[in-house]
Structures are given as C-alpha cells and as structure tokens.
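Only one chain is shown below, in structure tokens, and it's the form predicted alone.
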Amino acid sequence: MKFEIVRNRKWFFLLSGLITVAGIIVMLLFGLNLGTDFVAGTRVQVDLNQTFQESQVLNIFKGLGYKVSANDITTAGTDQHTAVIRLRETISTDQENKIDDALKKQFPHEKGTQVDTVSPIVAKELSKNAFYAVLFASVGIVIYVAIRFEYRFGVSGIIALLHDAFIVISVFALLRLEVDIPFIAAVLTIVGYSINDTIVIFDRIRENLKNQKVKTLSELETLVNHSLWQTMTRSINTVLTVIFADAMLFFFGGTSIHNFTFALLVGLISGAYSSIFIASPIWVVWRSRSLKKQS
C-alpha cells in the first residue's frame, strides 16, 4: 500500500507554511547579503597564500581609512587562504595599489589582488534586469503550461516555483551568503528544472484523466495520488543524479562557483519536494471546486 500524499496534503501545506514564515522572519532579521553586483561598491579578492585571521585583514583596511566591518570580510578557498573584502565605495587605481602594498607588507607571500568595481548606475541596472529575468521567466512558464494543459496547472506550478525560490533566498539570508549574478543564474536554473519535473507529473495526471471520468473529490485524490506514484521513481532518480553532479561541482569546481552550486543544491531538493508534495495537491484543491459546481 502506497502512502497517501494527496489526502495528507494539509500536513505538507503546513510544513511549507512554517518554512515560509521562518524564511520571512529570517529575511526581516538579517536581510540579504547583496554582493557588489547589486549594490555599488568594490569587491577585493586576494590570495594571501597563508592562513590568516579576518581581524588582520579588517585592521589593514581600517588603517587605510575604509569603513568596513567583520561582515564585509569573507574567508574563501579550499585551503582558506583567500580573503574577499566588500567595500561600499568605488576605488581608483591608485587606491588599488595602496591596498595591494598594505596587504603585501603584512602578507609577503600574497599572490596578488583581484578588484571588481560596480558603479551605482550599473548596480541599479543589474538589479532591475535580474528582477525582470525572474518575472518574465515565470510569466512565460504560466503561459506555456496554460496552453499545454490548463491555467490551473500553470498557476499551481508557479506557486511551487515561488516556494522553491523563496527557500533558496531564505537559506542564503540565514547563512549570510553573498547574493550575486551567479545566484540569479542558479535561481533561474532551479525554476527551469523544477517546472520540468512538475510538468512530467501534470502530464501523467492529464493522461490518467483521459481514461477515467472523475466525479468526486475522493476519485480525484485517488487519481492524482496514483499519478504521483507512477512518476515517483523517475522523479527521485532524476533529482539524485543532478544532485550528485552538482555536489561534485561544489566540492571540486572551485570557490568562484560555490554560491552557484550551493544554491542549486538547495533548490534541487526543494524543487523535488514541491513538485511531488505541493504543486499537484494545490491543483487538486483548485480542481475540486469545479467538481462541486458540476455536481
């Protein structure tokens, strides 16, 4: 006997509701650690070629007159030899040289600095484009699913996608991970992957509906639950395969893609959960209302 996913949907809605509330609280308390892609400023990355204390780097930048705090210093790299410093202002070439000289004075084996500067205009433009990218992707998915299936499938799928994206954003806010352009790319990838898995389930539901005329809520719940279990093996095997590949990239792909691969990892797990336990049950609740009207 297989577990009744759809008939126990209230528990999954409650779980997702609690996660959402926790995410909102985390966002209100901590906010997002926006990278220099979205706020004007400068990102300085330096390989110090030795272990170090963040307070050492902090004191160097304070000594140069920059307003930085411990939250602006991040340790990176597999050997923890890389320091990433976020400055709230843009800096000139002369200032870059002074920073490099000061770092070399305390860390003589330093391998050089990488400086990325974003002006206020560029930061504003990137933020706007990132918002439009997520918005247009969501609208396009709703239109496609509405044409391919029906609008209730489309909206249910989008609710599940928003659930996935919100969980990833909340985890990044809680862990104080930097939100940058690769993060947006990861969210868009999650949106695409999650809706693909959801569509496979919706497609199975549609095929089963062709062979069975549903008249009551109980019949609808049974049909959708049966459809979920028909696709369960495929859903689990697919997500495990992708998670394994993503985990390898996280551990061996280098620090530059850590945020991207970690966001994917969280989103893939959340996407697999929402495709099975959230999207289809929401559709059942909505579809059951039309059954009542017909009866």
Partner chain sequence: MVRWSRFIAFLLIVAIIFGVTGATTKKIWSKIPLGLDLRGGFDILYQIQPTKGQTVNSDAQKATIAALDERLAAMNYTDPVIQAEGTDRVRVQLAGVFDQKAVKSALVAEAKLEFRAPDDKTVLLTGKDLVNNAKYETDPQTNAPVVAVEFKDPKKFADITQKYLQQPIGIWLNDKLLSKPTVQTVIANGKATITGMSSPQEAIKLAQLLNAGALPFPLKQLSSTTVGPSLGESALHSTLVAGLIGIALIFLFMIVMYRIPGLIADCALVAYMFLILATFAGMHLTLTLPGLAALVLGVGMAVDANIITYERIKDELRNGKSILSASISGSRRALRTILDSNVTTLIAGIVMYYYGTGAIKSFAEALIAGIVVSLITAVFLSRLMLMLFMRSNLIKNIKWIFSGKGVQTK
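Superpose the two forms; the largest set of C-alphas matching within 1.5 Å is the rigid core. From a predicted model like this one, the values you see are computed outputs, not experimental measurements. Positions refer to the first chain, counted from 1.
Beyond the structure shown, there is the form predicted in complex with its partner chain, which is absent from this document and is the topic of what follows.
- request: May I ask you to choose, among Ile169, Leu223, Ala76, Ala133, the residue with a heavy atom within 4.5 Å of its partner chain in the predicted bound form?
  value: In short, Ala133.
query: Which one, Ser218, Gln212, Asn97, Gln80, lies within 4.5 Å of its partner chain in the predicted bound form by heavy atoms?
result: Result of the distance check: Asn97.
Leu188: touches its partner chain in the predicted bound form, heavy atom cutoff 4.5 angstroms: Within the cut-off, so yes.
- prompt: Do Ile141 and its partner chain share at least one heavy atom pair within 4.5 Å in the predicted bound form?
  reply: Contact check for Ile141: yes, within 4.5 Å of its partner chain in the predicted bound form.
- request: State yes or no: in the predicted bound form, is some non-hydrogen atom of Gly253 no more than 4.5 angstroms from a non-hydrogen atom of its partner chain?
  value: Yes - in the predicted bound form, heavy atoms of Gly253 and its partner chain come within 4.5 Å of each other.
- prompt: Do Leu264 and its partner chain come within 4.5 Å of each other in the predicted bound form, heavy atoms counted?
  reply: It does: once its partner chain is placed as it appears in the predicted bound form, Leu264 has a heavy atom within 4.5 Å of it.
query: Counting only heavy atoms and a 4.5 Å cutoff, which of 51-59, 65-73, 22-30, 240-248 contacts its partner chain in the predicted bound form?
result: It is 240-248 that comes within 4.5 Å of the partner.
task: Could you list which residues of 183-209 come within 4.5 Å of its partner chain in the predicted bound form, counting heavy atoms only?
output: Sequence-ordered list: Ile184, Ala185, Leu188, Thr189, Gly192, Ile195, Asn196, Ile199, Val200, Asp203, Arg204, Arg206, Glu207.
field: Core-superposed C-alpha of Arg176 shifting 2 Å or more between the shown form and the other one
entry: After core superposition, the C-alpha of Arg176 moves less than 2 Å between the shown form and the other one.
query: Taking the rigid core as reference, does the Cα of Val46 move 2 Å or more between the shown form and the other one?
result: Yes: Val46 shifts by at least 2 Å between the shown form and the other one.
- prompt: Core-aligned, is the CA shift for Glu150 between the shown form and the other one 2 angstroms or more?
  reply: After core superposition, the displacement of the Glu150 C-alpha between the shown form and the other one stays below 2 Å, so no.
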